[in-house]
Structures are given as C-alpha cells and as structure tokens.
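What follows are structure tokens for two forms of the same protein chain, given separately as structure 1 and structure 2.
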Structure 1
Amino acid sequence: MTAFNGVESAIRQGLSILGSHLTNMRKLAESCEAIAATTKKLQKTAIVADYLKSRTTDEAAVSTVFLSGRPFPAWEETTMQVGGSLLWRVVAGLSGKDESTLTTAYRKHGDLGAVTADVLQERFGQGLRILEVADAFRQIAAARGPAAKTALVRDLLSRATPLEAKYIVKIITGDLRIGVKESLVEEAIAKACGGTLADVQRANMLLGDIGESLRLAVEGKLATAKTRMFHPLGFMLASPIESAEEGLSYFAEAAVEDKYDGIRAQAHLSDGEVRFFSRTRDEITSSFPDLPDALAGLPQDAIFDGEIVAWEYPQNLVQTQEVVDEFFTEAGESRAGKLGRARPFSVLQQRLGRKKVSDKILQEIPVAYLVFDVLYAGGELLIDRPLQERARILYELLATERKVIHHRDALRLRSGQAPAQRNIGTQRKLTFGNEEEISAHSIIRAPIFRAASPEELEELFTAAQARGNEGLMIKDLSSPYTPGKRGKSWLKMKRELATLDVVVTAVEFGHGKRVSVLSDYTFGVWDGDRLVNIGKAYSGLTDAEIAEMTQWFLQHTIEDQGFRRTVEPKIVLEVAFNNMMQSDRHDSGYALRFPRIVRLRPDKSAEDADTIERAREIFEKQNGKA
C-alpha cells in the first residue's frame, strides 16, 4: 500500500509539473483564442494586460513580441526564412494527412495556423515553454539550408500541442490575425506595467523593441529610451484632399512640395555608415549603392526622410554659382529645369529588389534622394519640433556641411567644369552619350514653395504634373512629425492618371473574413479579339457587392482551379491606378501600379471595355511620349 501511495504521489507530482508546463505557451495560445473571440477593443486589451501580469518579466517581454505578430523584435534584422510551402510539408508529414484533406482544411479556414490545429492530434507529453519557443525561433533563423530548417521546425511543432502549434505557425508566418495590433499591446503594457500610453509608445518607437519597452515600463524607466540608429521610425502619413480650396482650409501657413512618384525612404547616418529604409521599414540600401557615399561625410548622426526617384538630368545644363540662402522657393520661379526631373516609377522599379546593381543599371538609371525632413540630428530627436524649425535645421545641416547638391546648383556645365564643392569628391561618374560626365550622387533638398490662394496652389499643381510628378504635398508649418499617423497636418493633392474599363477574367478567394468569398479579381483589356490581362485588384467594392459577385462568378466558372477560378469574361469594372509600367507579369505587356476598383460597370458589355491601344496611349502620355 505504501509503495502504491508512493507511485500515486509521483504520478500526481508529474502531472502537476506537466500541467504547469502546459500553462506556459499554452496559456499564451489560449489568451490568443480569447482575444480572437471578441470584437471589443477594451476587452482585448484587458485580456492581454491580465496575461502579461501573470507571467515573469522575461516571459512577458517575449510574449509582447509574439502578440505583435513577429518572432523577433522589430529592430532586429533576423529573419527565419521559413515559407508557407516548408510549413505545409511539415504539417502534412506530422499529421499524416493527404494533400486533398489539407487543401479542404485550408479552404475552410483560409489560415495555415488554423489548418495546423485542425489536422494535428494532441499527444501525451506535448507542451512548450514560451522561452523555449523563442530559443527555437533563433535556432531556426540561424540554420542554413531548407533541410536544417525543416528538421528544426518539425521538432518544434512535434513537441507543441495543436493549439500551441497553431500560434507558432501564425507567428512564423507573421499572420496572427486575432485583431491585435502592436498599438493594442502598447496599451496593455501601460495597463499592466505602469507608465502612460504615450511613454510606452514613444519608447517602442525609439527602440523598435516592444519587449524591451515592457522591461522599461516594469522598471519605471520608460523616459530613458533613446533613439536606436538603423531602426527606422514610423513614417508620417498624409491625408488626401479633393481640391485646391480644401488644401488651404486646415491651417494658416503651409509649405508646398512636389509629390514625387518614387520610394519613400528614411536615411540613417551614424559613424560614416549610411543605410536606407523603405516605408515598410525594410532596408533597401543594396538597391541604391550610389547614394550612401553622398551622405557618409556628415560629421554627426542624422535621420532624414525623403523620396528616392529615378532621375533624368537635363540635356542643357546651366552653370550657376548661386547659393541657396533661403529654404523657401518663390512660386513663380522655375528651378526644376536646372536640376532635371523625376522619371516614371516604372523606371525606378528596375532597380528594386536587386542584391547587386550592375554598372550598366547605375549608368542607365541614376537616382536622386530628395530630402524633405530631418527627424534626428546632433544627438537630438527633432520630431516634436514644428516643421518650420525642422526645415531650417535640415537646410543648415546640408548647406553648412556643403556635402549635398541643392536644387539651385545641382548640376554644372559639362564642358570641363569641375564639380562644385557641394558634390562629394569620391563619386561614381556617369556618361550621357558623347557629353561630359556628371555626378550621379544626388542628395537634393526638395524644393519648398508657398501658396496663399487656391489659384496659386492650382498653378503649383499643374507645374508639378508638368515636371512628371504626381501632384503636391501641403504641410502645416507648425506641425510636429508624428510617426505612423495620418491626420490633417500633411495633405496630398493628386489626381488619377486615368481609369480603364476592364473585363474580369479570373477570380480568387480572399483571406481572413473574405476567405469564403471571391474578392480578388484579375482583369484584362482587348487586344484585337482576345483579352489580355493587365492587372489584379481586391479593393473598392462593398461587402454586399462582393457577395453578389461571388454568386455570379460561382455560376459562371469556366475552370475551377481550387483557390482560383477562370470565369466567363462578362463583368466590366472601372479601375483607377497610380501609373502604368511595362511588365511581363501579364500577357498585355503592362501592369498597373496600385490598381483599385472604382465601381462595377453593369451599364457596359465586355465588348465596350478598353483596348491595349488605350493602355499604350496612357503609358506613353505618362512617359512624355504623347
């Protein structure tokens, strides 16, 4: 009897330990399920806050990163390099399910994490600790080659309960989808750990590490957070306006700039190192190796905001020794011709995503970085200062160092004239035909105009479009820089290049709440008597319109390819877009940038849709050939 009691006690102790073990990663997964089950923001915040209070500081710090939908803090460059196909194979192997079963599950859930929980079986002894998962993520990231990564992922998921595996997969894919944004996690940290929400947000913005922000909140040291160089801050966003009158209705004093059609980029400079980051906070320096040297000579750390554009130098350059002594440009002046002009985005696109940019590309597609704001300089964060003060600091920083080409003396005569002192000495040179070489390193302070009336603003808008730019940016001179926020301090005034009437040729099921409806439309224009695809869009229609169209497409399917269907070419859409590019992505030879559905056109038959000739006409007009 004593022996039996001893065995029973050992079993109970083991089960108790196992239960404690399971309440770690499983507790996070269960909290995620509870968060997903409610639509109320306050309730979601309370669930996260209560969960964080129940964990150790180390566990809570890691959990905040996971709840933000990523495996590692935002500032880190670490990536797991684990794609959906690898996860699909691992889940298939662990579950023993065939492809048809997995596909059916995916059609049901529209989410690989949910599929994982659906097809895996729970076994005795499964369960992971949060810190154990974090360590496994780093091992997977450090592993080289798909075989090594596959083995580590399989081992991790095999030790997880199905519910834990669901959220492990979601975190790996960056597709948490439980209605929690990082901003909500920030609110939960303030609620659970102390400190104001504003202090938590600012610390996280500067550090790019929400887990570290939690640690500072626990210690009462949020105010000690410092700017982390080479961690991109959020970009301030602009609100669209419909007219010149509206553009001058929100604030008394405005700075007006051209709206360039390029890549929004932050430039970080520290100790001679320069790196560029896109609006998605991805590093893009490798696509523009001709830019960093032009800023590397600045003696102090700085963070700039600007636009990278493909740049066309003028054929007839005008020599000028004039110094820019004011950061405002008179509205009536035409200085852009002396500088050159931006080329279409389709030209710049040829440089994007390349690990190595060839000398040929560097010669054929020179770029410029048009700087319009400074967020950090001389060891001080400047975002709380008004735009007028930041503009003055930017001007003085660039002008004093004499390292940057300004818009009044950007280029010099090609007839043997030496580059101005504002050009960097160690620059790559480009040859344009038989003419003399000019510097390709163009760091340009974007020209700023003023407008006192809608008529003047309309005049500036027309001039900006004539220079090949999208339109205007109108900015409140008294406004601070608010990362990641869109308000009425920055406005954007642009008009669509054109619209096309197109015919839907194929449809796909959506994601998330649209997983059961056909919401992604591929469409084409006429090339003779056949339709050639020119784009794909999934935004612009209401839920009711999508539901109605889903029923129509289901009844008029030509070929059911599972997730995708080719359909009878009868539905006409009017689509808008930012510009048109030559591309082999579609059989038309063109692709639309940022296409969106303006409206259904039931008043038009498929035969009334636009033609490839119309698309070509728009492309040539956009590129100044019409």
Structure 2
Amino acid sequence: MTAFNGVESAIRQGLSILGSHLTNMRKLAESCEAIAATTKKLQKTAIVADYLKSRTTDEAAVSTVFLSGRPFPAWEETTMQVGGSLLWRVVAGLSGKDESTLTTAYRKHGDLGAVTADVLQERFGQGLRILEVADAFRQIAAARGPAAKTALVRDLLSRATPLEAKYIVKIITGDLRIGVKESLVEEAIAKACGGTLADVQRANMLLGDIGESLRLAVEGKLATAKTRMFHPLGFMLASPIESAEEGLSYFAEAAVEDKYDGIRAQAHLSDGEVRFFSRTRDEITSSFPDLPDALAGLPQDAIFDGEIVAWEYPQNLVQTQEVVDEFFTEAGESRAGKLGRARPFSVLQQRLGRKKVSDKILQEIPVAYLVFDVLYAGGELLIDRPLQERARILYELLATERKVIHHRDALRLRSGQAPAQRNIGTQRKLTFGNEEEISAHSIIRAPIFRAASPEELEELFTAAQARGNEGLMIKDLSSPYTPGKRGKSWLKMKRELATLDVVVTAVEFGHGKRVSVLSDYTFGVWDGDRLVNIGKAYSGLTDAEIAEMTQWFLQHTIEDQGFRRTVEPKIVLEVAFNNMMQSDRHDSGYALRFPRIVRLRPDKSAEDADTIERAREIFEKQNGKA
C-alpha cells in the first residue's frame, strides 16, 4: 500500500513538473499562494509584477482580470451565474466524497477553493492554460441553465490540478481573499510594464477594464486612453462623520445636499441614447425605462452622477422656472419639497433588477433621477474641475434643456391608466410658455444648500430628515471628482436611530479568517416570557472580543447543529441599525437593516433586554417620521 502510494505520488510529481512547462494556470495559482502567504502590501505587489512579466500580453491581461477580483468577465455583459451551491455539488461529485467530508474540510479552511484543493488531492488533471480557463468561463457564461453550466464547470475542474482548481473556484465565486484587489494590480502593472502609477490609474479609470489598461501599459501607450461613452467610470464615495462639527472641519466651503435613499447611478448619454449604470458598473437601464427619454433631449454627450429614487410627485407643482433657476437657497429652506419627495428604499427595491417593467409598476412606482454631478460634457472630461465649477455646468445643462425634459415627461404621464395618476394629472395643469403641459420632472437637479456653521448644518440635517431623507451629503466645493475613491472631500451625515438591547439565542461559525470562531450572532427580544428573534449581526466586536465570546458560547451551547449552535440566552448586546422592516424572516415579524453590534452589555442580564413592544415603538416612530 505504502509502496503503491509512493509510486503514485512520484508519477503525480513527474506529471506536475512536466505540466508546469505545458500549463500556466498553475503558475498563477502558485503566485496566488505566495501572495496569500504574506501580509505586506509591497511584497504582494512585487509578486504580482514578477508574475505579469513572466507571461505573454494576452495571458497577463486575463490574469489581471482574475486578480483584480472584478466580476468575470469584466468586458462582457453576461455573468457566469455559478455560485457556491453549484460548485459544492460539482466538487462533491468529482471527489466522490460525501457531504460530511466536505463539511469537515470546509470547517478547516473556511473557503470553498481550499476545500476543493483538499478533496481533489486524490485526483489530478493534467493542468490548464490560463487562456483555456478564460475560454471555459466564456462558455459557462453563454450556457443556459444550471444543468448545462454544471457540466462545463465539472469538465473544467476535472482537467485542473488541485491547486489550479482551488483558484478557479475562487475566481468563479469572485472572492480570491488573498489581499489583492484592483488598486494593487494597478501598482503591479506600473511596476512590471513601466509607466507611472498615476498613468496606469488614470488609464484604468477611463477604460474601466484592467486587462486593456495592461495592454496599453505594455505598449507604452497609457496616455492615449480616452473617455468612452457607455463605459462607466468609478463612483466617488463619501466618508461617514460623527457630528456637525466634524462636517465642517475638513474644508472651508461646504455644499450640502440631502442624502437620498435610492440607488446611485451614472447616466451616459450620447446621440440621443441614454444608459444608466450602478455602483458595480452594471447596466440598470432596463429597470428604469421611464428615465432615458427625459435626458435624451440634451444636445451634447454627457455623463452624470446621481441617485435614482422612488418619487412621490407633489399635488401642486410650482412653476418650473422658479425651482430650477435657484442655485443656492437660503440655508435650511427647502426647495426640494416643491418638486416632490423621496419614498422609502423598500418601494424602489421593487423596481430594482427588473428586466421588464410593466405599465402598472411604472404608474405605481414612479422614479426620479436626482442629478448632483456632471463628469463629462461638451466633449470634455470634467472630473479635475472643482465641484463649484461642475455644479455650475450641471446647472446650465439642465436649465437650458428643461423644455425638452418636461415635454417628453408630460407625454409619458398622460398615457397613464391608473386612476390616481389620472387625477394627479388633471390637477397638475401648468403651462410652460406655449409648450405642452408640465406634469412631472423625472430628472431633477438635486438642490444644493450652503452651510458655514455647525448650527446651520444641524438645521439642514433636521430639515432633510423631515423630508424623509437619510441625512446630508457635505461636499468640498473646491474638490475634484475622484472616481472609485473614498476620501474626505465628500462626507455623509446620517441619522442615528435608537439602539436595541437584545439577547443572543444562536451563534454560527464564520468564513475565511473567521472560520474557527463563532462570529455570527442571532438575537431576539422578549415577547412576554418568550424570546423572538429579530436579526443577526456580525460586525462591531473586535477580534479579541469575538475570541472571548467564542469560548463562552462553546461552553454554554444548548444544541450543537454543526455549523450553528443554539446557546443559553444570557448574553446581552446593544445593537444599532439603519432601519427596521416588517419581515417574516424572523419570528418577531421584524428585521433590521444593517445591524451592527455597538457593544457587549455584561452589565445587563437577559431579563433586562428590550421587548417586542419597544421594537414596535421604534418601527412606528420611524415610519411616522418618513
């Protein structure tokens, strides 16, 4: 037996060595292992750069896509539609292992890729070339239905060595977890191909395609990268702040907008064609067929940044002229109310992800695009201009074209069938010069205020909340637009909802680096003398606290269900959340949006925790407000 294993192992080794000359997916996998083994960023960069240098341009281009963690394939519109569940079945089938063996391996490693390598040790494919893998991914994406996809995934993994299979699985699930993301790949490209980091970053920002950026770097043509319409740029992000004082501590001149609870969207328009992109740069136009027309009339190509929001149009619309012509209003004065107001995110969610939108939905859930920035117009990229200038350009663009916008919108609304809308339609007869009736604005330039003191900011904040919005965006008027970056030029100030004291009823092991600790807590509140679950939380505790809690929960388990354990209801947590929803996910009938643990409450015993009545109170208060 031992002798046989030795022979088999020797053959395997021989094949592997031979394979390393014939295949190169192996090389990528080995580089990933080395990257995962170090925590030093510079070292990771060096490994990636060395790897890229050792590949042909085609191979390097595909590799950058794999390494950057962007959903593959970044340059196509389809997604693979292969997730953990399908992979789990394929891996089980290929290895011939039963599920409990896989589960044991999963406990040990915490990620499916590592499990794959582990259980496939007994088998060995001949190894793959990296372009072969990319090709297989395309085929999987093109295949219709899980059955067809499963067969292709199975075939691909059966030809891979265990180590290759590990990283193929990780790439498919879009989660390499080796501490490399797009920005680090940019650094590696600069290092490997020449060109400054800034040039690589700029080219990649404009192209939105890391593989293409690498090709330009190889050819020394980074400077030729240009803005491409319908290839979305990254989104500029905001940092959270704690107080009004902090909101004015980073810059002198602050522009202030309401923070709307919708979905962030970049609009591209060119030659009358309009398309919208989400924060992950996916196209979302199909869910909002009522928006493009309103923008299509603009005479020039443009790229806007804004928020799509479920919108409640006002009963009595004010004269358009009055609203649009006002650039800065008196601090605290709300112009937004005259345009209508945002409805809760949960309403908008029903339109999200729709491929087709029925007339009924269009009527019941009208939306508005609140534009707050312009990134490109008049053939010029505007991101390096200060916000003050961009705001002015935006104002001029939308002000000039309002006739077209409203004319088209009026046509859309008049064809509506829902009785409520018909009523509103007749109530809203307004004329714009000798043009058509104005019925609604589905494109709205987000009102901008100004704040010079914390007191003014507080006032604006209160007003924003009164309008049912989340809070404020506070922006540095002199700042450029930095795509994909989260800096201190844009700040967000959100309302703080009351917190709940809850009792932990069940715990789960985590994933990845939290695989061996109980990091995931299900908790409840009292309904009479019974605990009813209201949510789960995972973040907020430090690693040390999680480790401590793990020990306690292991010793106070009521029932060990493997991955999950019900525990003695003794531990009290204070949890915060952004929102409370009605839901049948948990037996309390409520669920929390973005729950997080504020702190442990060792000073409280389970009996002191909050009740379902208090939860209901918070829910009603929040709804009354919105």
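Here, residue number means position along structure 1's sequence, counting from 1. Note that the coordinates shown come from a computational prediction; the quantities given were computed from them, not determined experimentally. Just so we're on the same page, rigid core means the largest C-alpha set that superposes within 1.5 Å between forms.
- Here the chain appears twice, and structure 1 is the form predicted alone.
- Once the cores line up, the CA of residue 233 ends up 2 angstroms or more apart between structures 1 and 2.
- Residue 468 is among the residues whose C-alpha shifts by 2 Å or more between structures 1 and 2 once the rigid core is aligned.
- Residue 154 shows a C-alpha shift below 2 Å between structures 1 and 2 [criterion: core-superposed Cα displacement of 2 Å].
- For residue 307, the displacement of the CA atom between structures 1 and 2, after superposition on the rigid core, amounts to 2.8 Å.
- Taking the core as the reference frame, the CA atom of residue 355 shifts 5.1 angstrom between structures 1 and 2.
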